[in-house]
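What follows is a single chain, given as structure tokens, in the form predicted on its own.
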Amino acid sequence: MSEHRSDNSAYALAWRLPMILWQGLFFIGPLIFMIAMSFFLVKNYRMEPALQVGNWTKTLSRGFFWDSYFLTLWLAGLAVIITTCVAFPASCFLAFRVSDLARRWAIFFLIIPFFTSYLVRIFAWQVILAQQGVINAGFSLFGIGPYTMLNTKFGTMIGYLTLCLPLAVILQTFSLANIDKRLVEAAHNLGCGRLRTIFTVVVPLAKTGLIVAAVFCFILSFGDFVAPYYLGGSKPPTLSIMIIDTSKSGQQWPRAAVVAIMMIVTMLVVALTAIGYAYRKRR
């Protein structure tokens, strides 16, 4: 019996080994090197291995770092709220109001934007949001505008929605479509209105999928460089832009590593907290 179990364990390990090696080579290894690099010294524009905390103290004691940190956190949190609120009605419609065939086609069309480079889509938004762009040209027909939308936080948010909204709709739709429709019908039969049914039946049953979609949105927005740079004007900078600026300033890769580690820690804390809440059972 024990020999049979050991064979099963070896078989399972053989299938897991490629994933373990992949994670070790391309995630854990670079992460360890980046942590070590945050303690390096830079002399004459060259990094030298060392073990000193100067990079951490200088970076974390600067007010502009915390300004960028909380700006990035606020923008990512706002993107999560807007994306969730915009995606939820569309997901409910796809999950409860259309046929299975129509839902499959809708998900297919939501996947199509990922066939195109995110950078190309952001450049397209530059043309649309520009002072003489498509939207302001439409406003001029009614004698209003032009409005400044490019190089603003509004432009950054449009970029975040471009990145996150299709994925959020897909994840929410999968979660909502798995809800037993008889429970929704039972709520209606017991006198629940539409809004009460959504908040007391639909949302609790789809809680895991909704939170997972929000976590993906936060991670993508918090670490995004393209939208705040090309649509937001990079002023004030987010943390991802700060990494680029820091690495270009005197080849300060160790200080850029500090910023990157702070971003990773923040995303891990938010993701683990949210996932823990998503899978927590009700008492």
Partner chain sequence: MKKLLNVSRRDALKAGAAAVLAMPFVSRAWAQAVEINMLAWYGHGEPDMVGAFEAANNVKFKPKYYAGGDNMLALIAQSPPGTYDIILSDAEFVQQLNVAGLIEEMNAADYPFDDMIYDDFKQFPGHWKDGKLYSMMVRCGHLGVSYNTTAISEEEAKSYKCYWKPEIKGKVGHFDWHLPSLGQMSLLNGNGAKLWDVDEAGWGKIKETTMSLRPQVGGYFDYGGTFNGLKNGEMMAMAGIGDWITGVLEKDGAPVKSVVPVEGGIQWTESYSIGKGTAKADIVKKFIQYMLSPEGQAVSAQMAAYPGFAITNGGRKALNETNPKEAQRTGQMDGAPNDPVTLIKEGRIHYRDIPKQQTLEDWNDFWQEYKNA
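Just so we're clear, the structure is a prediction, and the values are computed from it rather than from any experiment. Numbering follows the first chain given and starts at 1.
Keep in mind the form predicted together with its partner chain is missing from the figure; the text below concerns it.
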property	result
Contact check for 229, 234 and 237 against its partner chain in the model of the complex, heavy atom at 4.5 Å	yes
Contact assignment for its partner chain in the model of the complex, among 200, 178, 140, 148, heavy atom within 4.5 Å	148
4.5 angstroms heavy atom contact with its partner chain in the model of the complex for residue 129	yes
Contact flag, residue 68 vs its partner chain in the model of the complex, heavy atom cut 4.5 Å	yes
4.5 angstroms heavy atom contact with its partner chain in the model of the complex for residue 251	yes
4.5 angstroms heavy atom contact with its partner chain in the model of the complex for residue 258	no
Region of this chain that lies against its partner chain in the model of the complex, out of 201-209, 95-103, 121-129, 169-177 [heavy atom, 4.5 Å]	121-129
Stretch 49-64 - residues with a heavy atom within 4.5 Å of its partner chain in the model of the complex	58, 62, 64
